[in-house]
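Okay, so we've got the same protein chain twice, two forms, each given alone as structure tokens, structure 1 and structure 2.
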Structure 1
């Protein structure tokens, strides 16, 4: 069983790795060509299953920015397309997570204002939130960011590792240790 070539839908995809390597060397034509070729591919990957067609343009721009920022990390000995697909999936997921998180918070605050007044902003529970925020403020910034991304915002360890340029295991260890420190502080 061999590796299946996933370039059947886009024969130009074979040259993307070469264009990326030339771009890393400062070849502006190759960089421009790479962006021109990958943009429609990214958009086609993103647009499947989106509730709003306008989002695909926004997400595609985020992917192109990420490609620009991460291009130096691309390694010529690896296929370009899986590298691009990982960035595309991460940006799509990130966009949707933020969109639906904001939508859910707005809807919840409008539809369930009694829940917020009885639970979230209730005087007897307000002290708990302040204590947690104070404890988080005592955690080093990098650990605090990892903890918030994983435990509060719901990102996976793999997503956080990629974003922070760390190994997945290092991210998991950091989140676990931070949780332990918070338990001690809030004891």
Structure 2
């Protein structure tokens, strides 16, 4: 028994499926169109019930990167939307889990009076730069190096990829994730 593509009732989702198949064969124009079309859809799905409006943009970007990474798992004989929705839900939950986990750590640490003497607003602390450096210090060494090379020293992702013996995609994802983590750490 063959599996029927039930996108036939939804012309837009059906066209996304076609665009995804063309993207799998390397059609960059189709891929760009697909990402541009699904971005607002993803955002509309994730923004419901989020405590912070800014998060939806961040999660949407994570979903787009995830779609890129999992493009090979999409099957032409299946509807596109359930595949996309599964990834969207996964990234949304993952984001919230990480966020609240980190929030709990910060709340717990506020009970410790040491945190106030180490805070950037304290007289003995020089300012925001110290805070960023401190946050960067908590990032794993490899990710920190990639972030510094791209965002601080201005190297291109391709150059860093060559230096680190990694794919350009992996370097960009790592830099993007580090930026997200820093944003979260610095509130």
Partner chain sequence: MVRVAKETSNIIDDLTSELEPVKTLKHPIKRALPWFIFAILYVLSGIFLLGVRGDFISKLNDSTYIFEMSLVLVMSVSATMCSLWMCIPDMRGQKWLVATSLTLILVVLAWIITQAVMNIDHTPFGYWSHCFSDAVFFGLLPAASIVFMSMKGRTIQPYLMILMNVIAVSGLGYIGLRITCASDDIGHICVFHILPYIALGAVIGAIGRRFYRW
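Here, rigid core means the biggest group of C-alpha atoms that superpose within 1.5 Å across both forms. Numbering follows the first chain given and starts at 1. As the structure is a prediction and not an experimental result, all values here were calculated from the model.
Student: Which number belongs to the form predicted alone, 1 or 2?
Tutor: Pick structure 1; the other is not the form predicted alone.
Student: Taking the rigid core as the reference frame, tell me whether residue 38 has a CA displacement of 2 angstroms or more between structures 1 and 2.
Tutor: No, the C-alpha position differs by under 2 Å between structures 1 and 2.
Student: Is residue 177 displaced by at least 2 Å at its C-alpha between structures 1 and 2 when the rigid core is overlaid?
Tutor: Shift at residue 177: 2 Å or more after core fit.
Student: Quick check on residue 167: with the core superposed, does its CA move 2 angstroms or more between structures 1 and 2?
Tutor: Moves: yes, 2 Å or greater.
Student: Taking the rigid core as fixed, quantify in angstrom how much the C-alpha of residue 138 shifts between structures 1 and 2.
Tutor: Its C-alpha moves by 25.1 Å once the cores are overlaid.
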